[in-house]
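The chain that follows stands alone, in the form predicted alone, written as structure tokens.
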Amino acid sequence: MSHQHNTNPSRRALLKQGAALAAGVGGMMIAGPSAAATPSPSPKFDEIFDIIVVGSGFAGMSAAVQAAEEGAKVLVIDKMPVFGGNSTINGGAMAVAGSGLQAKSGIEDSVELMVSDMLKSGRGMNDAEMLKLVCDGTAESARWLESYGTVWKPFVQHFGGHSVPRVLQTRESSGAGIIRPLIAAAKKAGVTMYKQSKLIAFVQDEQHRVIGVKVKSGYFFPKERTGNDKLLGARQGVIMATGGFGRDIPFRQMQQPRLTSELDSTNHPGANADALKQMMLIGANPIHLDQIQLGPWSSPDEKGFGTASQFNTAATYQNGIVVDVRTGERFFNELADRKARAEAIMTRRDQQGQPVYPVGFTNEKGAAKAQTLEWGLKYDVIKKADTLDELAGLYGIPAEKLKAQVAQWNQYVRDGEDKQFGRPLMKAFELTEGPWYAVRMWPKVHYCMGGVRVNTHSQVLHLISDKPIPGLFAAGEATGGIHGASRLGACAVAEGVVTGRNAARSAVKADAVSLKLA
């Protein structure tokens, strides 16, 4: 395979190259960082598959298993030394409209209500067609995951921004409860899986159809000079399931300058924009890249996702309250959507603009289903107090004001109405006795609502023509538009599984091209 590089291209040559990319004309192309599209002779591939899936999280593994179910020869590649990406360290919570557990609990829900909730959270910026596709597929996809070994906890949870309890969570309280069974299913079905294989370019034919990828095999993240080049062919399509760019500080600051290195992220180290940039190089339309979500349940007292995230999700936000340490008073609706909660917390600053970390807390009853409680206590991220006076002392909160706020909350629960912030109280209970469990809170960069634009067949759409880039599909967080301005909690798993399977179904229907082995 040969590449021609001109270190001093003429203005005319540059204009011709740009015009070729926009018009979609030219010969065989390998799109990479050195040029938007470099002419190359008809390639001979080191290996050939029907479908190549890039990424091994919820979307990638769902795509791989679904494609294998339908008889395709599938390859999964991931640049990291372990499979699963962010999905493995995710909380394992999936929003499902119309689950069997909802029916057993007498909870009335519908696809239309879930769509409405996500539109409200997304401030109306959502791609309505893709949103309906995701919500409509949640119940069936939850059962599909069960068939491969995912086990849900025997109760439904109520996450912020959802009108009704509709969240199922894995027994493990992590995405590993989904990823591990899918990886086992993929291997059983004959799916080939390569880790430490970094995508560095797409291979396109004369019609600009994506027919494969160029990768660095044996790549050691983040050492960019490691690995050996390989060409991998895809007869029917490449599915991009490469996640978001939450740990790519320079790129995320281009979109949101305030998201500096001072803000931690819940994402794994490899969550960068490299794959997104490769899609953009061949014309993919990026949308909503500036819509980056902060997780409102994080703690400044630990790195990454940590123990506080699951504790706050399962305990504090559902069964407790959050107060400003200076006043001992609530200042937002603890069951609002993530964007509203994160923005409210970020307003807690002193006169110099430094964070004044709020404290969220609940009692023993409220923390009963928090699986990370023991670890949080061990590492002093979560603190225990026998009385409210002791709790106030731990964090420098005015004790009398804190006790008055708790008494006021209990009255709201008795009355069935939160007169402060309108929080739904269908599962609320009075906080009458200790021991108390508390954690300091501050948001972290968590999820990218933006990505490449796709249609309801999960085909990636071109920036100029708005037509599908042949042979290129995308699913999960790599896509943009579904969540609008803010993603509701537990909808990442829903999106990843449903759109991953959707991309696979579309890819296996594509006409196969004839490719040559080296």
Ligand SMILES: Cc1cc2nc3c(=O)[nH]c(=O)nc-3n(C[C@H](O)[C@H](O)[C@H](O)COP(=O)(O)OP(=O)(O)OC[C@H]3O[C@@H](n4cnc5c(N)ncnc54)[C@H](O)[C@@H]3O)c2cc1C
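Residue numbers here begin at 1 and follow the sequence given. These numbers were taken from a predicted model, which means no experiment stands behind them.
One more form of this protein exists, namely the form predicted together with the ligand; it is left out here, but the text below deals with it.
Exactly one stretch in 79-87, 346-354, 326-334, 417-425 has heavy atoms within 4.5 Å of the ligand in the predicted bound form; which is it? Flagged stretch: 79-87.
Would you say all of S121, E129 and G451 touch the ligand in the predicted bound form, counting a heavy atom within 4.5 Å as a touch? Zero of three within 4.5 Å in the predicted bound form.
Tell me, out of F305, W152, W442, W436, which residue has a non-hydrogen atom within 4.5 angstroms of the ligand in the predicted bound form. The option sitting close enough to the partner is F305.
Among the candidate residues S99, N319, Q291, S197, which is the single one with a non-hydrogen atom no more than 4.5 Å from the ligand in the predicted bound form? After the contact test, the surviving option is S197.
With a 4.5 Å heavy atom cut-off, would you call V65 a contact of the ligand in the predicted bound form? V65: no, not in contact with the ligand in the predicted bound form.
The ligand contact at A234 in the predicted bound form, heavy atom, 4.5 Å: It does not: once the ligand is placed as it appears in the predicted bound form, A234 has no heavy atom within 4.5 Å of it.
Residue-level question: is V74 within 4.5 Å of the ligand in the predicted bound form, judged on heavy atoms? No.
Does F311 reach the ligand in the predicted bound form, with heavy atoms at most 4.5 Å apart? Taking the distances in the predicted bound form, the answer for F311 is no, it never comes within 4.5 Å of the ligand.
From first to last in sequence, which residues of 480-502 have any non-hydrogen atom within 4.5 angstroms of the ligand in the predicted bound form? R487, A490, C491, A492, V493 sit within 4.5 Å of the partner.
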